[in-house]
Ligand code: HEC
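The chain below stands alone, shown as structure tokens; this is the form predicted alone.
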Amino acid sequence: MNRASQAALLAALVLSPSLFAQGVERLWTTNCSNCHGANGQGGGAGTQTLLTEELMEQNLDRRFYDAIKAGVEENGMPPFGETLTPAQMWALVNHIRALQHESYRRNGGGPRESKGVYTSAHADYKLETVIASGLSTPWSVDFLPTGEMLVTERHGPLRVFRNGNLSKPISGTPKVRSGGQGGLMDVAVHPDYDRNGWVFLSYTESATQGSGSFTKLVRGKLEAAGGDWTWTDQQTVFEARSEHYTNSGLHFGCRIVFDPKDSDLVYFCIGDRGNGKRAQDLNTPNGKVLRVRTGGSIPDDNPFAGRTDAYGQVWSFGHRNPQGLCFDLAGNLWVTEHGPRGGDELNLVRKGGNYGWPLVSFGIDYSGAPLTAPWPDVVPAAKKMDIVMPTFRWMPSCAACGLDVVRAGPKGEAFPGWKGDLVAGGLAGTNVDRIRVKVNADGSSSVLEREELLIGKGRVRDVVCGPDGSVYVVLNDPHRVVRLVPVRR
């Protein structure tokens, strides 16, 4: 083998993600497990366990990282800051978080049910089935003022659920490209539906010329005749430029919410489509939260309106794959988004804010290979950038999907003890979390409370507070819709 071939082979070995993942495993095995144990249980050299619930708090992320970097002299732990990169040191913290979570689940951690009743910090509740069958990969629900529930299915149908019956697919809905993670996604009924009749849909559209697809936002109206429904009067609210359509089947977004202070403003989110660099590029819609008038025009006060080097619809950027979006009761906009392996995020959305992907991340590659570190001050490419840090991160990833705020609906208030709290779902985590947040006058935010309300009932695709104040949950595998309802004692 000549030198060129040897060099090529060496480069392939070094850069192979699978081998790099094994290298990360070896980092723990070689440098950490002798003292901390193979699973973080401690014991070697008198070390204590890393698997307590107290050590799972997210405010300890940086302390773990700094301990790996600088060492802990009094405990005989050497510094690794000169031999490991920031990404490798963060990968070890990510690994610790995964070990902690596995231990937490093994030991019964999570919501507790007794005779069908769950007990939480501020409410007792039970789970009721709303739609038990007849759906295929339901993606989202919303409600008409007359009480009907609209349900999207990822492969294209939009249905109506009324009086316990699920309609056949509504005719006339847009042609959806269903493939990969794309298809028919969110449905959102305009707050002034009684006056204007608008319903908004987000979906994957195939390119009219060439190949590829992209997320599109439209609005239309519903007409009912007997038991049949028809989609009419469709108008385009947002579509990407043709050059940004891509054959990637990843990261489409997309959630839709209306500004509570101005119902003519609509916000929606689109993922990076598997191209992380584009999340930082203002001249693409990838990895962005966008804001337009409900008719599609760009508001003059959008942060990048009028620029020739940017999509004027962009409200914030640097997102990876946002699949949860809502306003809280104080009018703050929140987004949840998928990180890579470990590190899904809850973010308070600021006008013009940069949320860092892919420069910084709490996650690592799905193969286990290190990617970067979460903090701009340790990532050279991000040091001089004004990056907004998440309010909360899920480690390991829950595949964050679906987000709403608990509130009183037109038909009542089910959970006054949760009022104003966020409820967030997770696909891989099969979870629904209740999160109480605080937003300070300076724009900073923090988590005051967090608890898991539901786990293990299916992949959570959407979480919606309904007209009765109950928390509706859209599940995949099994495909159904359930709701959390209060239990009075």
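Residues carry their position along the shown sequence, with the first being 1. All of these numbers come straight from a predicted model, not from anything done at the bench.
Below, we refer to the form predicted together with ligand HEC, which is not included among the displayed structures.
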4.5 angstroms heavy atom contact with ligand HEC in the model of the complex for residue 437: no
Ligand HEC contact at residue 70 in the model of the complex, heavy atom, 4.5 Å: no
Residue 75 within 4.5 Å of ligand HEC in the model of the complex, heavy atoms: yes
4.5 angstroms heavy atom contact with ligand HEC in the model of the complex for residue 47: yes
Within 4.5 Å of ligand HEC in the model of the complex, all of 314, 346 and 351 (non-hydrogen atom): no
Stretch in contact, per heavy atom within 4.5 angstroms of ligand HEC in the model of the complex, of 88-96, 413-421, 251-259, 396-404: 88-96
Answer option from 428, 32, 455, 56, heavy atom within 4.5 Å of ligand HEC in the model of the complex: 32
Listed residue (80, 161, 200, 304) with a non-hydrogen atom within 4.5 angstroms of ligand HEC in the model of the complex: 80
